[in-house]
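Given as structure tokens, the chain that follows is alone and in the form predicted on its own.
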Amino acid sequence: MNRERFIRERRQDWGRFEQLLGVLQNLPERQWRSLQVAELARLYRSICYDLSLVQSREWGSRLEEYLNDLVAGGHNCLYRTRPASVALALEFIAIGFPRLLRQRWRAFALSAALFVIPFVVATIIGIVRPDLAVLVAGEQELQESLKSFSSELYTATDERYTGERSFMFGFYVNNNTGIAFQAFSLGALAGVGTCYVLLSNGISIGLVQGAVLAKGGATAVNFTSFVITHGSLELTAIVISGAAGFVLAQSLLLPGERTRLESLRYHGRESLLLALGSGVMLVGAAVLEGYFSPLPIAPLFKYLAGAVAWLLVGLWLGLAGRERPVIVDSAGGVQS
């Protein structure tokens, strides 16, 4: 596409955007109509892409300046009354993050398959052949894990509990975010690195889990009641980090009609947002693993808490931020 054809095909949208911008800028927000805002947001996204295209192909400073003004005006209009940064971050985690994840469901499904299937298979193998877990964790480390879960970690929330759990919280944050960062960042290696991180962690975690479950009795109960609650956030976040890595890989391998630089800007931003969201989940998992999972309470309460945690995570990621359906009544009115 040459410059003249590009301008001819896009001029109508630019004019419509200017018209909407003029209308909304002169109205208080309570008088904005949802259809107008939706159209403005759609045109704003397309004009952002137009601007990046003009900049990359150097189609003239006047055209670039014109589109830049449109983008700036649209940004100021759409975000002029946005809440403070903390509130905006909370809104993203509550609504924007699960919505973005659903848009990238293919990357999430691929990541889940590469982690969950090896994890389940390795767990079964670990139960049948617990000796194989030694190859992953090492003899000494595995025996220490088995010993630690052979009885309750604590009998009271005393000074020892507080000191040790604060230290372990920091350890969990560092360890889990390290795995997630690898899954995300190694997506730059055409996704091969992300595949390796997901497969290797699924196999290693599964084998060790299987070896612990093979002991049965109190060891298995203490272990499952310990991991069930924080696992809802931790394991899901690792899978999401893998999805972020695959989105990053897509920008390099499948740029589509965009140049690779344009594709990296577009997909890379969404990849980073997914990684940041998973990072928040991992911090939450570390809080649970550090302070709730080892509490000296009956395993039944932990199982109930774990079931609730998995349900809430599923509802959050599956439903949060969904648009309410628009219904047109018999009189032609619009209902939400």
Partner chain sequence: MPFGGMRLGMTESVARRLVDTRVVIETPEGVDFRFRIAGPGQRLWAWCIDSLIKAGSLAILWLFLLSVGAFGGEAGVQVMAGLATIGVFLCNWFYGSLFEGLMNGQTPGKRAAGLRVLRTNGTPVDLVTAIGRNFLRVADALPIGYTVGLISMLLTPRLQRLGDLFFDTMVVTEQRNPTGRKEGLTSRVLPLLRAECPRKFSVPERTLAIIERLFDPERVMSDGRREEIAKPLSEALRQRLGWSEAWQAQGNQYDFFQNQGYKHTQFLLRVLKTFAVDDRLGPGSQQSGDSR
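Under this definition, the rigid core comprises the largest set of C-alpha atoms superposing within 1.5 Å between the forms. Residue numbers count along the first chain shown, from 1. The structure displayed is predicted, hence computed values, not measured ones.
Heads up, the form predicted together with the partner chain isn't pictured, but that's what we're talking about next.
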Subject >> Which of 115-123, 262-270, 208-216, 101-109 lines the interface with the partner chain in the model of the complex (heavy atom within 4.5 Å) >> reply: 262-270
Original post:
Is there a heavy atom of residue 37 lying 4.5 Å or less from a heavy atom of the partner chain in the model of the complex?
Top reply: no
Subject >> Contact test in the model of the complex: residue 75 vs the partner chain, heavy atoms, 4.5 Å >> reply: yes
Original post:
Is there a heavy atom of residue 169 lying 4.5 Å or less from a heavy atom of the partner chain in the model of the complex?
Top reply: yes
Subject >> is_contact(residue 186, the partner chain) in the model of the complex, heavy atom dist at most 4.5 Å >> reply: yes
Original post:
Pick from 276, 297, 304, 287: which residue has any heavy atom within 4.5 angstroms of the partner chain in the model of the complex?
Top reply: 276
**OP:** Select from 3-18 the residues with a non-hydrogen atom within 4.5 Å of the partner chain in the model of the complex and write them out in sequence order.
**Re:** 3, 4, 7, 11, 12, 14, 15, 18
Subject >> residue 308: Cα shift of 2 Å or greater between this form and the one not shown (core-aligned) >> reply: no
Original post:
Does residue 296 count as moved between this form and the one not shown, where moved means a C-alpha shift of 2 angstroms or more after fitting the rigid core?
Top reply: no
Subject >> Core-superposed C-alpha of residue 51 shifting 2 Å or more between this form and the one not shown >> reply: yes
